[in-house]
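Let's start with one chain on its own, the form predicted alone, as structure tokens.
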Amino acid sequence: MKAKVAINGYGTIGKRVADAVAAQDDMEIVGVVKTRPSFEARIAKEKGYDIYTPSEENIAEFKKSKIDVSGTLNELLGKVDIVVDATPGGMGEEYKKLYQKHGVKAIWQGGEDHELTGFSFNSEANYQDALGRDFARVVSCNTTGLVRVLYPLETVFGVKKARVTLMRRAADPNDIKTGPINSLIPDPIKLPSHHGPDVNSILHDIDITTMAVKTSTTLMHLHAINVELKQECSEADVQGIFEKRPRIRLVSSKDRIKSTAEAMEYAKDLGRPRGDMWENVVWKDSIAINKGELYFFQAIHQESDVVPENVDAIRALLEIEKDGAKSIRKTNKALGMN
């Protein structure tokens, strides 16, 4: 039988996770939860997703917009095995009580604190630890991207320390509320940024410090990474390790991919839905060993890199697949990631 999945919050992340789940042969979308009628709700209906609302109060607005609603979140939770919560950050505690009441497992996103679930998830680093859990949190896009590169480096060479500067997009492309900005904003000004401690919620023993700058772009995040490794290695060694990782895509400036804009155009030319780039984009010609330390650049597509992790987390919590590597391969194949 297929795992029955609900998506609570059908926005930037939720709609992408819904499509990724629908692409798997061992799970299905039972319903998605929207607060208000929108073009996203109409497209969800066109895709065959049943729409539910947080409460009875929201249904009238959908009826005015002539969008059929199948019921409320309470009703949806009675039909599913697990819910992927992609609601705005800070609402986790309220929804956790509801999920517990219905005896439904749940996965939250990086906008919630680690303490909400007591377990933060990454497909490669701690899949086995997630097996059978009731609740998990898929860490943020930036943290997911950092764990994907630091985990293999730690496994193969050992990480003595990591120092990372994150140049963060100011808003998602569809976010008109934040508006255009013409500035570079240290965010936060006082170090460290939250990303280092967030990495440590998964990779507990890595010495990492992060600082972040908000930039006037909507496309991707860019990381400048400096790692002191415990074992000596060459640039070719590091490139070889990254080439074998399932969710790292090596690119080269020689192929005219010199920016986040070109990395996003590359994703579109690959035929990706919504132009998404699920993998870390690592410039292989940026990989450098200087004075015994490793340096490189990577770009993270904030709208999509956590999507495959959510799919794997569903399998882990429900114990559909106990082998993390097999789940990763299955998810990647279903999404067309190669």
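Everything quoted here is computed from the prediction, not taken from an experiment. Numbers follow the displayed sequence, beginning with 1.
What comes next is about the form predicted in complex with nicotinamide-adenine-dinucleotide (NAD), which is not displayed.
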Out of 201 to 209, 248 to 256, 228 to 236, 169 to 177, where are the residues with a heavy atom within 4.5 Å of nicotinamide-adenine-dinucleotide (NAD) in the predicted bound form?
169 to 177
Could you confirm whether residue 184 comes within 4.5 Å of nicotinamide-adenine-dinucleotide (NAD) in the predicted bound form, counting heavy atoms only?
no
Taking heavy atoms and a 4.5 Å cut-off, does residue 82 contact nicotinamide-adenine-dinucleotide (NAD) in the predicted bound form?
no
Would residue 24 show up as a contact with nicotinamide-adenine-dinucleotide (NAD) in the predicted bound form if we use heavy atoms at 4.5 Å?
no
Heavy atom of residue 141 within 4.5 Å of nicotinamide-adenine-dinucleotide (NAD) in the predicted bound form:
yes
Could you work out which of 191, 91, 98, 131 is the residue within 4.5 angstroms of nicotinamide-adenine-dinucleotide (NAD) in the predicted bound form, going by heavy atoms?
91
Select from the listed residues 277, 313, 44, 33 the one whose heavy atoms reach within 4.5 Å of nicotinamide-adenine-dinucleotide (NAD) in the predicted bound form.
33
Go through 92 to 111 residue by residue and record those having a heavy atom within 4.5 Å of nicotinamide-adenine-dinucleotide (NAD) in the predicted bound form; state none if no residue qualifies.
95, 109, 110, 111
